[in-house]
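A single chain comes next, written as structure tokens; it is the form predicted on its own.
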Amino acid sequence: MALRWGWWWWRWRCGASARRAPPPPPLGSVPGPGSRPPPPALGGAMCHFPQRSSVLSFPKICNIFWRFHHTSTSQMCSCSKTVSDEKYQDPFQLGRKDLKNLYEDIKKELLVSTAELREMCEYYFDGKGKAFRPMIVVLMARACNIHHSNSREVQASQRSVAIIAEMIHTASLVHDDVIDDANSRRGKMTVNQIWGERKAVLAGDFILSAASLALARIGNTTIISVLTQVIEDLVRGEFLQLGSKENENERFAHYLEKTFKKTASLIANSCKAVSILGCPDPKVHEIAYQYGKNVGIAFQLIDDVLDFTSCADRLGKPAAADLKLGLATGPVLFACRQFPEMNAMIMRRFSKPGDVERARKYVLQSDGVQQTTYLAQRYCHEATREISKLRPSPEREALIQLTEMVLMRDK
């Protein structure tokens, strides 16, 4: 459903004149197939979070992204604290107990006799990452447990899912860096730059195999099926990224599907897995899945925005990296509607001299960043709508807060 209305939003956006940036559809509801909401005034476009005392307006979001890297992290985070002290829940504070020794436990799963292989596998598990995915997983586990049995304790099997999710994610980063020939990740050299491509591929494979063993130890065939779907989606998503579409509408649908498979599937299915372990109600499983899917897509959309609006030092990787890889992300696809001359560059994957610089200039001159941010806001709103169906709890409020943090992050 989320991918369908994301594509619908693209079609609605493309119905506007080529050089004019239209206001978005109302954010208070998600359009269904065939519906066409009247365009509101820009100043009235607000995202209302259910059962919250805060209202997050688009102008506030735009100001954040248009400040680029000159805005500090502390300033960014302060914007998310527009809710009352009673309602505001710091997700990282709530999840700290369950994520204590997370990386030490991951390293225990990677025990191997070869010192070099161990060093390669542990390279990114240095405790300096955001642990965004494990954080969502343990908060979802608690929220579902509270909803079902009023228990705030995270089961050992649910915590294992958080560990497995981080391992699968990290293995995918190692493999991505080989495919992209990347030289920096999280502010340091990539595994493939230090140890070479062949050993990097093997290191990624080993992390996946260790994650698979940890998954098997959970002993639940349903959970195994849910999480192995993530690995299949990662591969299919990578193949989608290697391809392209000539038709503009197909191109955007292709982009959203790739975004789901490469990024959102892991979050969606990990959330679903812990909900299955904590609650027998299929409706709760679907809520957890939909929340994870929508947050995951929004996370990647903002990541694609930051590729144009943030600097390399903040990102921990080169800016405009996607253009250099020949990838047309959301900001590019929206900009193409205002600058049709970008079509030829997209089809040749920005391979001619000067293509990358010209495309980046067009994106920044267009409303591509603005429209992609709007779309991310809509996905976050849908995630909030889904999670609000669960029984009220600090963990549910923290998951709502995470959707705001996704929109406001600067790296």
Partner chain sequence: MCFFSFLFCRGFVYDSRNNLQMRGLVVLLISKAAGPSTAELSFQHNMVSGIYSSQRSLAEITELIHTAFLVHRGIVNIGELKSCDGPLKDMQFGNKMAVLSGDFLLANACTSLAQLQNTKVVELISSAIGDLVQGIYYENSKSSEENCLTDDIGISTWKEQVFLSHSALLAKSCQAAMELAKHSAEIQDMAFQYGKHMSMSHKLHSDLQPFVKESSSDIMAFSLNCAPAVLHQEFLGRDAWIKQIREAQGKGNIMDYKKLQEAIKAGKGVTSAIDLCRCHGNRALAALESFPPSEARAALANIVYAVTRFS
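Positions refer to the first chain, counted from 1. Just so we're clear, the structure is a prediction, and the values are computed from it rather than from any experiment.
Below, we turn to the form predicted together with the partner chain, even though it does not appear here.
Checking 285, 175, 159, 185 against the partner chain in the predicted bound form, a heavy atom within 4.5 Å turns up for just one residue: 175.
Proximity to the partner chain in the predicted bound form, defined as a heavy atom within 4.5 Å, singles out one entry of 189, 224, 253, 320, which is 224. The stretch that touches the partner chain in the predicted bound form, counting heavy atoms within 4.5 Å, is 227-235, out of 92-100, 288-296, 138-146, 227-235. Put simply, residue 199 is close to the partner chain in the predicted bound form: some heavy atom of it is within 4.5 Å.
Shown alone here, residue 219 lies within 4.5 Å of the partner chain in the predicted bound form, counting heavy atoms only. Interface residue remark: residue 206 is counted as part of the site for the partner chain in the predicted bound form, having a heavy atom within 4.5 Å. In the predicted bound form, the partner chain sits within 4.5 Å of a heavy atom of residue 114. The partner is not shown here, and in the predicted bound form the stretch 249-275 never reaches within 4.5 angstroms of the partner chain through any heavy atom.
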